[in-house]
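Here's a solo chain for you in structure tokens, the form predicted alone.
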């Protein structure tokens, strides 16, 4: 299906235009900041609202193509499109960035005032919203892309504003940490680009979706010949660095813990998960036989990531650093679903992107609420009994943790069920392998439950470990958190069409037969 007007391109450019207006207008007054935040939220929400309509009329399953596309001659076509595979990704980026834009009003004003009182010269709210909107729009571009050149351009466009957001308004040694983040993730991007260039030169095109058919380009292993494994390895390794799986995750705990919290709420659930989407969208149809050969290694790596990230998260004293390590653990679930090379597993991984976006946004925003209202409080050892003072925040945080564990009524139930179903299907022919994979799942899910609910208890229940007198008040911070909870509940009860279109898209992706 081709749209009659350029909705997807408009969705990308409008937030950037709003951000440019805020930057050049040097927005500082409370009224002006609120106006910019609301405009940013509305423009970023356009793809999310559009997807509701498209799901309602059944158009997502057909694929929805923007009518504006650029021909690169023999090298392919630059276009924007949505189908069943990318729809949860686009929805996750659109919804979370929209809500966090409003959440940013109070948080960032407090952060900027705090830094200026300390004698630091930092850009104001206008510059923040320009960088924030550019970062958000670039992530939308990644999810909507159909061409590898286009994908790489948007990939780099996510890096530059996110680096500046950390460098200007982060915590701790923010300049060193932002550079660490930039170098590591740029290495990942360069490795991916190296594979992309060889792919494009040898195949004669950089497309990974045919336009206007919106079908995957298909198996290219035969065209690349003996170089196929090298190209697949370079692209996979680059995306794994971006995804921050075990072994190449070292940059994430620093960057996500010390970024300003609204940025952490986008970095952790949204940005790193886009690498998992790229694996499913690009590598699965292009290198199916190679990924099947690598499957056992990738599945082991995924379980190792889940367990390692979870166990290290349990040891953390800093709330945001805990959330950063839990993100490492959750990326293991995405890698696991993709590594299964089954329709159920890949569909579950893509749905888990949306689930993780919802759950982790709630939890990072909760951490930000405490930082803003309780004078920078983020040490878990100084919390305890917070549910009595912040009951609605506690309820929202519980829902966030339930998403990570996969408990109803959170949509995490559906994503983890699909990942488990897809992975066990692969190993069901052998009793020994099935037993081993069952034990691995038991360990992984137990670790996820442990770090989630142990931390929930340490923060919100038991005896208070410090004197906190301030109680919960209605604010844009709290309302934003509760709004994400509502979105999560809607996804749980309305997951049927999303799962149906995801499964159909993954079957088309490579006739996986699972």
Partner chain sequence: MEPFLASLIWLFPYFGAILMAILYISGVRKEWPYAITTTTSLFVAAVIATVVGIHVLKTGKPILDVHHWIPWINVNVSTYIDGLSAIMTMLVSWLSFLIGVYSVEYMKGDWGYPRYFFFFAFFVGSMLLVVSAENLLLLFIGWEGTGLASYALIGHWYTDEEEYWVGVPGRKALGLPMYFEPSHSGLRAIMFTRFGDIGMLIGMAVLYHLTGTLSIRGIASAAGGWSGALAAKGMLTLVLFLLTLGAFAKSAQFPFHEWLVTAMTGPTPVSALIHAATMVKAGIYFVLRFAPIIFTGALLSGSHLAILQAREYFLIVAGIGAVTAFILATMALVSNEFKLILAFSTASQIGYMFLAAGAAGAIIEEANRYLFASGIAASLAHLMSHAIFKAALFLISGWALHVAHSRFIDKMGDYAKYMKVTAISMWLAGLSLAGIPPLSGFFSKELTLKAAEDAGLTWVYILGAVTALLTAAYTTRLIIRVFHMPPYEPPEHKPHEAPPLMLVPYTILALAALTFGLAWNYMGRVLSRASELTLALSSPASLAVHLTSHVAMVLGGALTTIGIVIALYLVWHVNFRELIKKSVAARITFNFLFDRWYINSIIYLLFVVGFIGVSYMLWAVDFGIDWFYHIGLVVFAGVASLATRALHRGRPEYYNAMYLALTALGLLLFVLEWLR
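Remember, predicted model here, so these are calculated numbers, not experimental data. Positions refer to the first chain, counted from 1.
The discussion below concerns the form predicted together with the partner chain, not included here.
Residues with any non-hydrogen atom within 4.5 angstroms of the partner chain in the predicted bound form fall in just one of 50-58, 28-36, 452-460, 63-71: 452-460. In the predicted bound form, the partner chain lies farther than 4.5 Å from every heavy atom of residue 23.
Contact check for residue 406: a non-hydrogen atom falls within 4.5 Å of the partner chain in the predicted bound form. Proximity of residue 431 to the partner chain in the predicted bound form falls within the 4.5 Å heavy atom cutoff. By the criterion of a heavy atom within 4.5 Å, residue 271 is excluded from the residues contacting the partner chain in the predicted bound form. Contact with the partner chain in the predicted bound form, defined as a heavy atom within 4.5 Å, is made by all three of 254, 316 and 414.
Though the partner chain is absent from this view, in the predicted bound form it lies within 4.5 Å of a heavy atom of just one residue from 292, 197, 435, 210, which is 435. Out of the listed residues 123, 204, 247, 376, 247 is the one that sits within 4.5 Å of the partner chain in the predicted bound form by at least one heavy atom. In this stretch, 155-177, not one residue has a heavy atom within 4.5 Å of the partner chain in the predicted bound form; the partner itself is omitted from this view.
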